[in-house]
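Take a look at this single chain in structure tokens; it is the form predicted on its own.
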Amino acid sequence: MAATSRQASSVSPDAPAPVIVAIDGPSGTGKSSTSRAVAAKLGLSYLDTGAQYRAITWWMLTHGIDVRDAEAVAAAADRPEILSGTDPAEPTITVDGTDASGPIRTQEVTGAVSAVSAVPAVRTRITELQRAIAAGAPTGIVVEGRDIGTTVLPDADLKIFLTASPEARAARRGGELKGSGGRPVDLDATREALLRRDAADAGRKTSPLRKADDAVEVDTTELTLEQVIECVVTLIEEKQQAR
């Protein structure tokens, strides 16, 4: 089935030229919170590409596909219909018409997404979807992920790579997990899990996690979320003014 997307509506004739912004980086650096807030502040569309990989992983798991079998995953990669909403105020994702925003955040999906996303057929399918969404965003878009500036949108108007120390990332992710489950989080275990995910993402043969040569690196370790947002907004506005 063909994958589709919901797009933003009308554009003011006085609005700045559409700008495509790629924000990459490992987990726990603030990509999602920053990207959504920036898109909302500047009137841009927003796309969480990680949610798309989680969505196809969730579909594989619920349909009995062995996620450790790359050939089986590849054979099923075109079957689910994935619909991504790009409103930063309320980003949505559905799979075959079912709201998947909650199910894709389970530990089962988290544990399987690296294996599924490493399959070339999956990356090809999702990359095509991401490029179509970016090309169709009338006011421009902030796209966040791990290979946006290097593979998905190598010609993006602005590329940003967010980083942070493993300790800071573990603390942030631990806070997210505690907030969603209410239970204490083992920060050492969380840190190790993040580092394992980093190694898997950076070591895969297809579209590995890495900083694009022309990306602006922003270390968020010592910055508040508000400071990161302001930094990224400034970078985008400078890019818009220079065009």
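Source: prediction; values computed, not measured. All residue numbers refer to positions in the sequence shown, first residue = 1.
Not on display, but discussed next: the form predicted in complex with a small molecule.
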ask   = Among 61 to 69, 185 to 193, 31 to 39, 210 to 218, which stretch sits within 4.5 Å of the small molecule in the predicted bound form, heavy atoms only?
value = 31 to 39
request  = Would you check, heavy atoms only and a 4.5 Å threshold, whether residue 17 touches the small molecule in the predicted bound form?
outcome  = no
task = Tell me, yes or no, whether residue 125 is in contact with the small molecule in the predicted bound form, where a contact means a heavy atom of each within 4.5 Å.
result = no
query = Is residue 232 one of the residues lying within 4.5 Å of the small molecule in the predicted bound form, judged by heavy atom distances?
reply = no
ask   = Does residue 159 reach the small molecule in the predicted bound form if we count a contact as any heavy atom within 4.5 Å?
value = no
ask   = Thinking of 27, 197 and 228 as the candidate spot, does the small molecule come within 4.5 Å of a heavy atom on all of them in the predicted bound form?
value = yes
